[in-house]
Each structure stands twice: as structure tokens, then as C-alpha cells.
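To begin, one chain is listed below as C-alpha cells, in the form predicted on its own.
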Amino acid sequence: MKIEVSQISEFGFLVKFKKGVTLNSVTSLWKKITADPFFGNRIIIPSYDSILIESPFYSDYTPQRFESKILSIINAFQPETIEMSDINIIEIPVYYAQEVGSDLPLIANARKKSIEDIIKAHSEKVYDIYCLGFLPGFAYLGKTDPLFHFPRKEKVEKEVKAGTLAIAEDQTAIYSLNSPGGWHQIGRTPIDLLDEEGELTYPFAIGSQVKFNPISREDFLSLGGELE
């Protein structure tokens, strides 16, 4: 495994996995860094193959000391084996239907499958959380079945409703807020992913997993879901 460290700003360093990267290796190193007291007050953001570490305005900061501390952790680093019992699986109810997932027929027709087959294939899989971004609470989940490997739309929609479940490339995600979006829509959850203060209502974190459970139209409405 090859890991490089580079200074990308006055207060920021990027830890980049160049070879042998897996979600497990990124998660393990992220946990090692966040557990070290030296990094207790720093901003540490993991992604697919990198970890951003920032240390703004701390009196103990010098680039040399900061980089040296990062390298000392990397040099002693060995990815941990994560047991299935240690993985947090988050279950989210989803109403899969054309009235809330306008691209379901397109996907079914393109793959020569029934809509029921598409729903079954998407909801049977458990997805890893690779990173959070784009919107607060927007979790990039993967990897999807090849049935769902569609490129992003050429034309971005002006507004995708909060709670919409969508797919693009080899990923799937839920829009946590009303937002422009270019992913293919296949369903919607009635659950708000963010509370009134903008805090996550689900414990999304790198290394956790998400399972989507199909629900009926009636259940969607009874759980607070809204239809246009």
C-alpha cells in the first residue's frame, strides 16, 4: 500500500492512497488519526481514497510538526480487519414507484427487466457509505449492481425533492434536501434525514452500511411522506 502526504494549503494536508486503497484501509487510517490526541481539535474529512486534515489557527501548529505527526501514524499503520458484527447497518424505508422515482421505467426498459425486478435488485443489496458531501447528509453509497450503472443525466433537474433515492454510475444516494440533481430517481423515503437544526437524524458515517427496505404507498403516506 502506498500513501502520500502533501500540503495543499497553509493549514491543510491531504493524505492520498496511491495503491491498494480499499474502504477498509481509508476507514482504518481515519480512525487512527482521529483517535490520536494531537488531532483532537482538527478537521478530518475522509473520502474514497484520501483524508483531508486541517489545523486552522492553533498555536501548536507548524507545517513541519504537523506533517511529521501524520507520517508517524502512516509509518506504523496496518489496516484493521473489520468484523461484520462491528459494522453499523442503517435501515431506511423507501417507496419505490414512478410517482416518486420518475426514472424507474427508463431503467427497467433499458435493462429489459420489470420494475419489480429492478426494485428487488436495488433493495436486496447492503451498501457501504464511502463519503458524505454535496449536501449535508448526502451519503455516497456503493457499489450498486451493474443494472444501475447509468451515467449522470446530461441535463440537471432544477429541483429533486428531499428524500429522493437515486442512482448514478456505480453509486446510489438519498437527496437530503430539495436540490438540483442529475442522478436517476427510483424512489423516495418518507423519513427526514435532517432535523430542523440541520443535524443528521441517522448516524451516517464512513464505514457504516445502508439497507433500503421497500414500503407501500400507504406506508409511505402514513410515515409522513408527501406526494406532488
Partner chain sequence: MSLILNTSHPGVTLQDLGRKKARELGYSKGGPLDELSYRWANYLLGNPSTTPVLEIVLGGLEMELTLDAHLSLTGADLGIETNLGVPLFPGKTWFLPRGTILISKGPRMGQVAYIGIEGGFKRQKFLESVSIPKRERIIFPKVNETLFEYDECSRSGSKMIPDQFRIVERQFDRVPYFPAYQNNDFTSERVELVKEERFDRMGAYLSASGLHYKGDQLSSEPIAIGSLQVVNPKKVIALLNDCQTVGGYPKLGVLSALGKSILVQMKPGKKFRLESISPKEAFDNYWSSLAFLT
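Residue numbers count along the first chain shown, from 1. As the structure is a prediction and not an experimental result, all values here were calculated from the model.
The same protein also has a form predicted in complex with its partner chain, omitted here; what follows describes it.
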| query | finding |
| --- | --- |
| Tyr48: touches its partner chain in the predicted complex, heavy atom cutoff 4.5 angstroms | yes |
| Its partner chain contact at Leu200 in the predicted complex, heavy atom, 4.5 Å | yes |
| 4.5 angstroms heavy atom contact with its partner chain in the predicted complex for Ser9 | yes |
| Proximity of Val160 to its partner chain in the predicted complex, heavy atoms at 4.5 Å | no |
| In the predicted complex, segment of 71-79, 125-133, 108-116, 95-103 with a heavy atom within 4.5 Å of its partner chain | 125-133 |
| In the predicted complex: members of 181-198 within 4.5 Å of its partner chain, any heavy atom | Leu194, Asp195, Glu196, Glu197, Gly198 |
